[in-house]
Each structure stands twice: as structure tokens, then as C-alpha cells.
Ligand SMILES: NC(=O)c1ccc[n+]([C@@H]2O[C@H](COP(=O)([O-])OP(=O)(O)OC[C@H]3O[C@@H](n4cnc5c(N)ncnc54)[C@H](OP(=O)(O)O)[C@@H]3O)[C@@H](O)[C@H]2O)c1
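We begin with a single chain expressed as C-alpha cells, specifically the form predicted alone.
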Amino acid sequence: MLKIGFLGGGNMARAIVAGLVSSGADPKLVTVMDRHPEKLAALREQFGITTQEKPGDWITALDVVVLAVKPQGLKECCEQVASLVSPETTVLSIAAAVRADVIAEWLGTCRVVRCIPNTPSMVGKGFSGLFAGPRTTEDDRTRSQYVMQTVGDLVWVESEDDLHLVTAGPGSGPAYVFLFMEALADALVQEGLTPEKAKEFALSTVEGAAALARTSGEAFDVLRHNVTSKGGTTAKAIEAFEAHDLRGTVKAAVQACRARSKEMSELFS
């Protein structure tokens, strides 16, 4: 089985550790390094994994190193461990913005895979976009896929620039959905519902619609038409959405997110 180490013990690292352990990975072969002892203690207690507060020879023995620190701290982290990462180790970065070639330069290794996961990974319903750097091997792809498929669906992209679209879609997309849920719940409260019931209405609406769309296989517009009778209540609601240019708003949001992703990438080039 693979020896997997996480540099950083934040929420996403914790989610992937949980996915690995629940999928049958040996906790003894999973190591998390973090400078916060309380995080490490919680991870040890919950998952039975190994933890470290500092880099050491244990990094050299890893099959996969997962870079799970924030982008602004990634260069310092890479410089601390560069001499310890084996040339045979797969480096899987889940840090946003920092390109694979930049990470490879900081680490002095070419086997870098980038991944953009999203927060539903924390409940095993995630979606990740992965890009294999130009000098990675099939083993690197296999190892990275093994790690990330434990927290949800994934897709490989051929161009690293496509990761900006992953960021603008499923990466940041949960926040778009939460905003809609918040707006729907607020509107229902304003119409007389209690906040508790409004929250449940919004949750059930989105949860049920997503499940129906997933299982039916129908196109989104077909599903929408199926629930929209001509001249009926839903039709009036859809008319209001269209009148306020919902599509244009979503398009602008995706474009703004993608543009910001590109800007952030340039900060680390």
C-alpha cells in the first residue's frame, strides 16, 4: 500500500485523510505534518494516523507527498522539504493558483500533479480537477487518482489553464449554490416562514433537485421544462429570474472567478 504524507493539516487535508481511511488505507501509512499540535492530536485520535511537527527523513520514504498548505505559504514549505523529497515520490498539490512548473522548481523534482478539490470533499461528495505535469508518469496519475477518488468524483484536464475553469465551476461553485440557498431561505422568511423551516425548505430543494438531475440523466433544460407548466406558478418564477438576468449574472460570476484565478497564478509565477 502507498505511504502518503500531508504537509499541512487543515480542513481539506483532514477530509482526504478521512476518505483514505474510510476507503481502507492503513492509517499507519498516512502521515500529517502541521505546526499546530492540537490539530495533530485531533487527527491522531480520530483516524489513528502518524503525525509530525517537523520535516525529517520520514518524507523521503513517502510514495505521495500532498502539499496541503495555503498558496502564500507554499514556497517556504517546499524549500523546507526540497532536500527530503525522493525523485520517485509523486507530489500532489492541492494548493490553489501555484503552477506545477513553479512547484517543481521550488522542490527540485518534476513529478508534480496539481489538483483543485472543492469543499463537499469534506462529506465525501467532492469534485476534483487534476492536471499531470509534463514530466509525470502513469504511476503519478494512478497514485493521485487513488488519493482523490476517496473524497468524490474527479476529472483529468489536459491543459493546466483548464484548472481555472475547475476553480470557476465546481471549485467555487458550492459558494454559488449556498448563496442561492441563502437567498431562497431569506425570501421565504420574508413571506412568513420561520428561519428553521426556510432553511429546511432550501436544503431539501437543492438536495432533491441535484439527486433527480444525477439519476435521471436528462439535460437541465428538460428537467426545468418538466416542472414548468405553461402559465403556471413555476413559469412565473422563471420569468422573474429571466427578467433579472440570472444567466448573465452567473456568467459574470464565472468569468470574474476565472479571471481572479489567473491573476493569483501570476502572483506565484
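A quick note: this is a predicted structure, and the numbers were derived from the prediction, not measured. In this text, residue numbers run from 1 along the sequence as written.
The following text describes the form predicted together with the ligand, which does not appear among the structures shown.
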Discussion item. In the predicted complex, does each of 68, 116 and 171 have a heavy atom within 4.5 Å of the ligand?
Written reply: yes
Discussion item. Which is the contacting stretch out of 103-111, 142-150, 83-91, 116-124, given heavy atoms within 4.5 Å of the ligand in the predicted complex?
Written reply: 116-124
Worksheet item: Of 214, 28, 36, 244, which one comes within 4.5 Å of the ligand in the predicted complex, counting heavy atoms only?
Response: 36
Discussion item. So, residue 8 and the ligand: in the predicted complex, are they within 4.5 Å at any heavy atom pair?
Written reply: yes
Worksheet item: Is residue 20 close to the ligand in the predicted complex, meaning a heavy atom pair under 4.5 Å apart or at it?
Response: no
Practice prompt. Report yes if any heavy atom of residue 12 sits within 4.5 Å of a heavy atom of the ligand in the predicted complex; otherwise report no.
Written response: yes
Practice prompt. Considering only heavy atoms, tell me if residue 132 and the ligand come within 4.5 Å of each other in the predicted complex.
Written response: no
Worksheet entry | Residues within 4.5 Å of the ligand in the predicted complex, restricted to 81-97 and counted by heavy atom | 94, 95, 96
